[in-house]
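Take a look at this single chain in structure tokens; it is the form predicted on its own.
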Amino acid sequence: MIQPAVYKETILFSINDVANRQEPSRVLMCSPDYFDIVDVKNVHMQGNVGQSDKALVEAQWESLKQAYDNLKAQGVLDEVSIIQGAPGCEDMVFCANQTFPWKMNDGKEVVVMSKMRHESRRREVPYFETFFKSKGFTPLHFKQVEMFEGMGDVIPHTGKQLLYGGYGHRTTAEAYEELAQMLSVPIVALELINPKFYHLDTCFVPLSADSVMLCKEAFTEKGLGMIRTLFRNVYEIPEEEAEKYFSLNAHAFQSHGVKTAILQKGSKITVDALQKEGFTIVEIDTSEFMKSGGSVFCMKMMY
């Protein structure tokens, strides 16, 4: 069994040494009742303050919810839950960030609560803690960590008890030392060096135990080396496509034996890679949310 250590430079194991894990099959979304662009928290928000179209926001969010509802009706997903947005929480719709839910080796379901970088986003976290408690999850809290932004920066290896953790913009590298011990899981820490890709979920998409999509301009050479050690197939998506279409903020997942990828419409190379890996593609429009720096992956949580 791999020890719950943090790997920052060199990988000392193969993916075959890592214990298997069952992928989650439930989805959580947050309604966009109070979504707005009121300040600049990332480079994508520059020039967009006050520029959101409320009617279009609602329509685009509903189209994503409908995509998940369709998957539930087909038996691909077990549940689609909605948490209501709250006043004063304009970014709460991006519900990949406030928590990191996880199933421990003994089957216990826990949820790690985030320590958000921005004060306005810290107000969102208690609402999600209440939700996960209602689902039987045990909340876990950091003791010394300054910044940690949930599944925005922590992405599991498909089907494996292994995590990848981005750091440098919204999560500190030190967070992973505590997280590895908290969850008893190894973590590959990846420094993010490009402000366009401020969360790991904007530039890194595991597709299977063997394959991953990424934008190489988001990472250091050491980071890319570790990734290439653990994945047999690495699909490099051009920075232009990843930035213009948020194509690496796709939600590519496997549930009940079905591979589905939901993503912003328009990307070509990303879609080609997904199709090559056997995914059914669902393209939607998330342009109003992209003004705020997020797309499909940011707007949901699998648990």
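Numbers follow the displayed sequence, beginning with 1. Keep in mind it's a predicted model, so treat the numbers as computed, not measured.
We do not show the form predicted in complex with arginine (ARG), though everything after this point is about it.
Please determine, with the chain shown alone, which of 137 to 145, 93 to 101, 212 to 220, 73 to 81 has non-hydrogen atoms within 4.5 Å of arginine (ARG) in the predicted bound form. This holds for exactly one stretch, 93 to 101.
Are any of the heavy atoms in F128 no more than 4.5 Å from a heavy atom of arginine (ARG) in the predicted bound form? Contact with arginine (ARG), no.
Please tell me whether any heavy atom belonging to G166 falls inside 4.5 Å of a heavy atom of arginine (ARG), as the geometry stands in the predicted bound form. Residue-level check for G166: no, no contact with arginine (ARG).
Looking in the predicted bound form, any heavy atom of S247 within 4.5 Å of arginine (ARG)? Contact check for S247: no, nothing within 4.5 Å of arginine (ARG) in the predicted bound form.
Going by a heavy atom distance of 4.5 Å, is T286 a contact of arginine (ARG) in the predicted bound form? No.
Name the residue from R26, K65, K41, K259 that puts a heavy atom within 4.5 Å of arginine (ARG) in the predicted bound form. After the contact test, the surviving option is K41.
Site check H199, S292 and C298: each within 4.5 Å of arginine (ARG) in the predicted bound form by heavy atom: Per the other structure, all of H199, S292 and C298 touch arginine (ARG).
Any residue of 147 to 168 with a heavy atom within 4.5 Å of arginine (ARG) in the predicted bound form counts; write them all down in order. Only a single residue, G152, comes within 4.5 Å of the partner.
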